[in-house]
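The chain below stands alone and is given in structure tokens; this is the form predicted alone.
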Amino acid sequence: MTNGRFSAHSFHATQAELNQSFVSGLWMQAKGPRVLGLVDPHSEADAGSLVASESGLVDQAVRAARDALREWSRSPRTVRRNALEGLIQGIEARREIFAQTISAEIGAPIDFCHKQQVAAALAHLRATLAALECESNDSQLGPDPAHRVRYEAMGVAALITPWNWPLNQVVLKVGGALAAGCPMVLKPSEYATRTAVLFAQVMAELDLPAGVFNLVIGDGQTGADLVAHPGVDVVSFTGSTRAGSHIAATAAARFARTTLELGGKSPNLLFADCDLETAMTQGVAHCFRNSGQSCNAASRMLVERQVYDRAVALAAEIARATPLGAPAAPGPHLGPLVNRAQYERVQGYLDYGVTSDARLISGGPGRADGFAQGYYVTPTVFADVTPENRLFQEEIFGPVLTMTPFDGEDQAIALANQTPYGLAAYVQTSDPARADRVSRQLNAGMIQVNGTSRVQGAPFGGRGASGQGREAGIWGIRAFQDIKSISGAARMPQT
């Protein structure tokens, strides 16, 4: 470090760098009594410690963002475009170190980090860039040019991100805020801090005005201090439903806007006319992907009774054939869960499941076979899970699939909608009319039919206990903008 700034010697966060926040263009050492020990999810060995930023540093970061608001909110589109292009190039140049860091930090297999974690982040940034270039923030309303609509930066943005997709969730928020004209303060999960520090080092190279991007390292209290700060105009949070509810209430007290991407218990509806083998292979894999630690995991499989027994047998086969392995090892295996707390949470659900009325058909409680240490959970499938069962209703966030039979379309829709969540839903059928009809009736923000992936830039978000607002593409930009109508003053050429 020189004069409070990182040198460009490497893009790997050391223990010393781990406790640095980035405020107003300078790196600052975190100080305070709250220290969190970090653990390697594969070996359970000590992985360093994190000093949580105190409220004084949070206040300094928000003030820096407010100082940058006037300049950045009025910055030309070309400046914001250049910032996004530079961010994409910076991540591209460091794909390998990002993948290695994510893998070591959260336990995701290295190939998955390359092909999914880092690739998804870059794809989302490109979609944000495309939306910025194609959409107008000042457009005529109706035939009279004297009437128009403007989208303007909402103000200072607080960005709070989770550990499960640590780079992807950061770029969804940072990219949208940058494009919208909002200076920001990012508070990443304490379990994915090294990834966030690497990201901040890339941001530091972009030569943005001081205060446009700020990073504060810390724990839940740090996040709470940020959300409660009166200088924050909009909060974008991804995390648990419980935390999201508290954040929404805190922000609402001063009428600050919120975008909340919360939990999910997403149904996957398999009708008897679908390609069952393909639907099962894709469906089980989607549930287990990232070791089940994805908010939109297809964790509730609803199967038409005519093919239910066959589907259960296939699920058991697929689950038993799903390999586990070390994060650093190449291959398509699953890794460990992120930490002991998450491991014990999932084990609690598995213990409950075997004592409930559900039928265990594969996997179950206990550390996965072949691992003397590490937070490894055996991929598990429970059949005959009723709507009253906790496994049906509650987000487990681990490699645990539930299966439930249904009789007919109406019951399938009713079962799918029978939880407080509404993030994603999946439909498998060979009947196009049914696919459309069912999709319209599912209470979810995102529907995918027959394994079709969402196009880049499609809105990401849900309803109910899954949150409010949308991310990605133009929706991710609009989440940080206010709408203003102007009547009687046509848009004039800017000088």
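Residue indices: 1-based, along the sequence shown. The model shown is predicted, which means the values in this text are computed figures rather than measured ones.
From this point on, the text means the form predicted together with a small molecule, which you will not see here.
Visitor: Taking 4.5 angstroms as the cut-off for heavy atoms, does H286 touch the small molecule in the predicted complex?
Guide: H286: no contact with the small molecule in the predicted complex.
Visitor: Any of the heavy atoms of F112 lying within 4.5 Å of the small molecule in the predicted complex?
Guide: It does not: once the small molecule is placed as it appears in the predicted complex, F112 has no heavy atom within 4.5 Å of it.
Visitor: Using 4.5 Å between non-hydrogen atoms, is T161 touching the small molecule in the predicted complex?
Guide: Output for T161 is yes: heavy atoms within 4.5 Å of the small molecule.
Visitor: Although the small molecule is absent from this view, report whether P336 comes within 4.5 Å of it in the predicted complex, heavy atoms only.
Guide: Because no heavy atom of P336 falls inside 4.5 Å of the small molecule in the predicted complex, the answer is no.
Visitor: Only one of 122-130, 277-285, 360-368, 221-229 has heavy atoms within 4.5 Å of the small molecule in the predicted complex; I'd like to know which.
Guide: Single hit among the candidates: 221-229.
Visitor: Looking at L262, V174, A157, A180, which has any heavy atom no more than 4.5 Å from the small molecule in the predicted complex?
Guide: Selected option: L262.
Visitor: Considering the small molecule in the predicted complex, which of E105, E304, E395, D233 comes within 4.5 Å of it through any heavy atom?
Guide: Residue within 4.5 Å of the partner: E395.
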